[in-house]
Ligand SMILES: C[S@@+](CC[C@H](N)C(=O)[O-])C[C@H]1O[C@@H](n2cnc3c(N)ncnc32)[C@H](O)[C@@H]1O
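The chain that follows stands alone, in the form predicted on its own, written as structure tokens.
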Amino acid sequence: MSWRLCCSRRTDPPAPLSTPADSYVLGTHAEELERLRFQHDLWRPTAEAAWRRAGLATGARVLDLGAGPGFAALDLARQVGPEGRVLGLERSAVYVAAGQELARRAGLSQLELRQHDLLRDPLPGGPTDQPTAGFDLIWMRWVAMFLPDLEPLLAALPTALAPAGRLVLHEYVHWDTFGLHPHGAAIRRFGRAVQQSFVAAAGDPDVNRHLPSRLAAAGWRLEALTPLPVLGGQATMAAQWLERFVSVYSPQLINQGLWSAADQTEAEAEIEAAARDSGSFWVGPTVLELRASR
């Protein structure tokens, strides 16, 4: 979702992007890049708190799965310092290039972004990849929900983790909490259409309903399951995040036949009504933090 209200450490991305063949359900165009930047700024305190709970320290080795344009990877690289290493794996060549440029501008030699397909390519860190063996933290946010087959990734995760390392996932557990209150009938329909689009692309918008059980069955120790709600009234970052998501993703839903121009007009009217109501507020899809070790 796109934003830019009050966040710290803004790092400008490279020039506007085109949309290549390897783009995602949400796209890899310039507007989506800006949406992701604002999204990370909103969620940065939550992510950093999760990393602290997982014991992230200077000199640590971190694997960022589905790193996107590298916004979280940059923060991770700053936290581990020059003595550490952050490897970000990302399917989109456009996003890898954007992240590499951000790392170069920031002078973060400890950060590497690499093009990688989580469904097909083996994870680094195993016995045949000694230079990267043993990551202290594996981080993944809003990635599993887009994978049509989780088994290859789940099977590979243990080989990439150091003996005392931790896996931290932030994935949605209850997408139906998305809404605008009290003005929001069209916005509720928009939320349902979004979920339909994810499912049509072989994704699972509520993937964290079953990930804990699958990890436990595979021998992982579940250390924490923490719900992470997000909500806010008008002019808050949370409201801007969700409002702009409606703006950015609506054209794609219309192209998919899941939303219409009339629906969009109704949703925009609800957003305008909410702006005039100091008691209105947005609620986002509920995220679940999952922390596990071997």
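From 1 onward, residues are counted along the sequence shown. What you are looking at is a predicted structure, and each value in this text was computed from that prediction instead of being measured.
Another form exists, predicted together with the named molecule; not displayed. Remarks below refer to it.
- Contact with the named molecule in the predicted bound form holds for all three of 66, 91 and 147, each having a heavy atom within 4.5 Å.
- At a distance threshold of 4.5 angstroms between non-hydrogen atoms, residue 83 is out of contact with the named molecule in the predicted bound form.
- When contacts are judged by a 4.5 Å heavy atom cut-off, residue 141 counts as touching the named molecule in the predicted bound form.
- Put simply, residue 95 is close to the named molecule in the predicted bound form: some heavy atom of it is within 4.5 Å.
- Residue 151 falls outside the set of residues with a heavy atom inside 4.5 Å of the named molecule in the predicted bound form.
- Put simply, of 186, 207, 168, 118 only one has a heavy atom within 4.5 Å of the named molecule in the predicted bound form, and it is 118.
- Between the options 56, 238, 36, 50, the residue in contact with the named molecule in the predicted bound form by a heavy atom within 4.5 angstroms is 36.
- For the named molecule in the predicted bound form, the listed stretch (83-91, 176-184, 105-113, 207-215) containing residues with heavy atoms inside 4.5 Å is 83-91.
- Annotation for 242-274: no interface residues with the named molecule in the predicted bound form [heavy atom within 4.5 Å].
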